[in-house]
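To begin, one chain is listed below as structure tokens, in the form predicted on its own.
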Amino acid sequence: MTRSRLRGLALHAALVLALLVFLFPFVWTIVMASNTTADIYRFPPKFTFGGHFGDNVRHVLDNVAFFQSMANTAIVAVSTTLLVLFFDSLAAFTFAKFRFPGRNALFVILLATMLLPAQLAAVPQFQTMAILGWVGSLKALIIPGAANAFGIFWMRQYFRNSIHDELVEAATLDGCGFFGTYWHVALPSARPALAFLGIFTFVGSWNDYMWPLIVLTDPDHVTLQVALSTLNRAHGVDYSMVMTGALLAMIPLVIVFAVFARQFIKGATEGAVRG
């Protein structure tokens, strides 16, 4: 067997091992959701699928307002994603294609904000929401997440490398103003990058737990992650029910990724190559 063939086999073995490592938490979640908590505590543990998934789903629906909290989460995630796509791409296009005094300094300050932990901004952000009277409402989740430094940086790199300055100048000569150039020239060519940023933002907003737990005081407005966390407090260590809730919460994310997978991979690949 040649050295190149051995190297190929070793690479495939490493990829298969990595795939198994990444898949194990997902498979283990399904195993726990389809068994009882007593089965999970057995030794040796049970690694096969059980027949209690329907019972666990019914227990989850009986103990939390699952569909109400899912609707709240969908409103927040979709609204936040649309706002991020608009504001981040608009700011990124400005940084990438238009020269103005202090542009580089502003961009450096923007990048520096990525170094700050989110927990550091929780207190002043909560005070701001309290002054505005938004504590307890979904606006307190949507508006603060309407733009972020990572999205602006990501889109700026894409615009710099995919849209030539000559194209912007031609659009200007044809009568397009700033917003017209952004809307008719920049956005259509940036669909893969927007798809990547959109899925990235949607997943982050859907799975966010800390900020909704702090700012949502109305039980009718809690998001799915906060609602599922009450299963622990109400039922101790009923892992089967908790894992069933987590599995149900993942279904919309899987659907979104399946629909936009091609654009997501294309955007990530082009960003990695060009960035």
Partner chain sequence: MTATAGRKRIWSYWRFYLALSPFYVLFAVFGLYPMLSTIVLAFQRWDGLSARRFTGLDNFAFLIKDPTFWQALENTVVLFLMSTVPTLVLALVLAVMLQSAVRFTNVYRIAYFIPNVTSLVAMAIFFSSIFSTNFGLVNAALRSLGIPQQDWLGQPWGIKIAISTMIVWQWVGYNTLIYLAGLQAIPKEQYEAAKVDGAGAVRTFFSITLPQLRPVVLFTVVMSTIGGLQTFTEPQVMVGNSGGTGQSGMTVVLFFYRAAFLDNDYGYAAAIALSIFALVLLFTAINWRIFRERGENR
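Numbering follows the first chain given and starts at 1. So that the term is clear: the rigid core is the largest set of C-alpha atoms that superpose within 1.5 Å between two forms. Quick caveat, the model's predicted, so the values are computed rather than measured.
Note that the form predicted in complex with its partner chain isn't included here; everything after this is about it.
Only one segment in the set 156 to 164, 71 to 79, 139 to 147, 185 to 193 has residues whose heavy atoms sit within 4.5 Å of its partner chain in the model of the complex; it is 139 to 147.
The shortest heavy atom separation between Ala130 and its partner chain in the model of the complex exceeds 4.5 Å. Using a 4.5 Å cutoff between non-hydrogen atoms, Phe26 counts as a contact of its partner chain in the model of the complex.
Its partner chain in the model of the complex comes within 4.5 Å of a heavy atom belonging to Val242. Its partner chain in the model of the complex comes within 4.5 Å of no heavy atom belonging to Val135. A heavy atom within 4.5 Å of its partner chain in the model of the complex is found for exactly one of Phe66, Tyr209, Phe49, Phe53: Tyr209.
Every member of the trio Leu15, Ala18 and Ala122 reaches its partner chain in the model of the complex with some non-hydrogen atom inside 4.5 Å. If you take 99 to 122 and check each residue for a heavy atom within 4.5 Å of its partner chain in the model of the complex, you get Arg99, Phe100, Pro101, Leu106, Phe107, Ile109, Leu110, Thr113, Leu115, Leu116, Pro117, Ala118, Gln119, Leu120, Ala121, Ala122, in sequence order.
Relative to the superposed rigid core, the position of the CA of Leu19 differs between the shown form and the other one by 2 Å or more.
Ile255 shows a C-alpha shift below 2 Å between the shown form and the other one [criterion: core-superposed Cα displacement of 2 Å].
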